[in-house]
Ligand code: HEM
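This document starts with one chain, in the form predicted alone, laid out as C-alpha cells.
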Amino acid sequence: MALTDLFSNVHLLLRWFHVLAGIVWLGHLYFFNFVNVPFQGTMGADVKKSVNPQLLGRAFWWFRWGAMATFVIGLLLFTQLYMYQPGVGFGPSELFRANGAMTGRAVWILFGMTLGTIMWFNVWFIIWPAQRQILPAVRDGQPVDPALPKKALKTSRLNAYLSGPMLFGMLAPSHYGGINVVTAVVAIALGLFAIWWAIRISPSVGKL
C-alpha cells in the first residue's frame, strides 16, 4: 500500500527532483572536464567561432540551472529531514541530533552540503560570469582575455575534484551513517582519485 502521509510523499518528490537536477548538473560538469576540454584543443579558431557559442551556450544553460535546482532543492530536503519534526515543528530532528550530540548522518550531510555549496558558488559567481564574456567574444571573433579561460578551467577542475567527495557526503547518510576521521579521509581520497583518474584517461582525440 502506498504511503498516504504528506511528509513522506513530499520527501519522495523532493529527493527525486534533487537527484534529477544533480544528474543534469554533474553530467555537464563531467562533459566539460572529460570531453570538452580535450576536444577544444583539437579545434581551430574558425570552428570554435561557429560551434562553441551554439553548443556551449546551451550546455552552460543546463549546467548553471541544474546547479541552482540541485542547491535549492537540497536545502529544502535538509530542512525537511534534519530541521523539522512532523507534529512538532521546526528545529533539529533526531536525524540531526541524538543523545546531545550531532549524529553521523548529520556530519556526512553537512560535509556533502559544504562541498556542494562551494561548487554551486563557483558555477554562478566564477565559471558562468567568465563564460558570459568568453562566448560572445569567440562568436564575434574578438580577442579573449587569456586570464578568463584559465580562471574558468581551474574553477571547473576544482568543482570536478570536489564532486567526488561531495557524492560520498550525499550518499553516506542513508547508506552508511557512521563517520570518523578514517572514513572521512578514505571518502575524500577515493573521490579525488576517481576524478583524477577520469581526467587522466580522457583522450584528446575521440576513440571508439
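As the structure is a prediction and not an experimental result, all values here were calculated from the model. Residue positions are given as counts along the sequence shown, with the first one as 1.
Only in words, not in the display: the form predicted together with the ligand, which the text now covers.
From the list 34 to 42, 168 to 176, 51 to 59, 144 to 152, the contact stretch for the ligand in the predicted bound form under a 4.5 Å heavy atom rule is 168 to 176. Although the partner is absent here, residue 19 sits close enough that one of its heavy atoms falls within 4.5 Å of the ligand in the predicted bound form. The ligand in the predicted bound form comes within 4.5 Å of a heavy atom belonging to residue 109. Proximity of residue 82 to the ligand in the predicted bound form: non-hydrogen atoms within 4.5 Å are present. When contacts are judged by a 4.5 Å heavy atom cut-off, residue 117 counts as touching the ligand in the predicted bound form.
Here the marked residues 70, 78 and 113 all reach the ligand in the predicted bound form, each with a heavy atom within 4.5 angstroms. Taking a 4.5 Å heavy atom cutoff to the ligand in the predicted bound form, the contacting residues in 11 to 26 are 15, 18, 19, 22, 23, 25, 26.
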